[in-house]
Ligand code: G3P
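Just one chain follows, in the form predicted alone, and it is written as structure tokens.
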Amino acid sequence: MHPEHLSRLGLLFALGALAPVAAAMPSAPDLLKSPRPLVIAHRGYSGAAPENTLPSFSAALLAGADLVELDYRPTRDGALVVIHDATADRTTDARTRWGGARHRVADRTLAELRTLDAGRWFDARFAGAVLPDLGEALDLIAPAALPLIEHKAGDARTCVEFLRGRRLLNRVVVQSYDWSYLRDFHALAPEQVLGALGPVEHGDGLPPTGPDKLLGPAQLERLAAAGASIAVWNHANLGPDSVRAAHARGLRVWVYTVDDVATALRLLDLGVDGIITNHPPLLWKALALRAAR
């Protein structure tokens, strides 16, 4: 066989070994024990479909993501809707439908928000996609991948009770930039795996600058105290010892948002435990290339 064909065959075997197999999803604590870095789809497969919609989540599942990340916010009537921004302007036709601008999610009921088109802005093929509520999103994702739920607004108790009522505690991972929310969540459901997003401010209300952005001992101590077991960090703010220091404390390190193979390979070499991406197949390629090296 030609050496080039052998090389391609080896890559195919590597891909087969790395790709997920159809099986019952492990719990969040079990998934964290994965022997390989996790592939995490950012707002679904948001490079191929409109973010935070059912088509995007379906595409992420087809791409074999280990976890599918989504964002939630409470509506005026107390429902939990899946959307990233505080307003519906960027990812729906709210301005066209309702006129004006800055249509705050918190000022609208779920029924009102579900009249919006959440797909056409991305591509006409997705016209008619609606904003899902959290339950719909989890019903689609949970049988095949672990949902990664990002808190954008609202109190911890509402989310805890929602997940407990659906028997989904630790069948998801919950993350937030609001570490006081994480502390509250941990107090109510200490068994739930939590991720602390960063960098974050250090108590003075000002954004971190320079060395304060790096994932280091001070941040690791703070996030562990908040009940988090995962540091979910901007990949540009990892120092050479960040991952080693986290692992020494029994913490995992996930990084966001990585959309090129070269950066993914560099981070894999640092020992990160998961990578969040808008393009899950790109990470499978990086994992295969690294295995073939």
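One-based numbering along the sequence shown. This one's a predicted model, so the numbers in the text were calculated from it and none came from an experiment.
Form predicted together with the ligand: not shown, discussed below.
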Counting any heavy atom within 4.5 Å as contact, can you tell me which stretch out of 53-61, 27-35, 264-272, 66-74 lines the ligand in the predicted complex? 66-74
Could you tell me which one of Glu150, Asp117, Asp89, Asp184 places a heavy atom within 4.5 Å of the ligand in the predicted complex? Glu150
Answer option from Leu214, Leu134, Val160, Leu197, heavy atom within 4.5 Å of the ligand in the predicted complex: Leu197
Taking any heavy atom pair closer than or equal to 4.5 Å as contact, tell me whether Tyr177 reaches the ligand in the predicted complex. yes
How about His84: is it within 4.5 Å of the ligand in the predicted complex, going by heavy atoms? yes
Distance check, Leu283 to the ligand in the predicted complex, heavy atom within 4.5 Å: no
Across 255-292, the residues having a non-hydrogen atom within 4.5 Å of the ligand in the predicted complex turn out to be Tyr256, Ile276
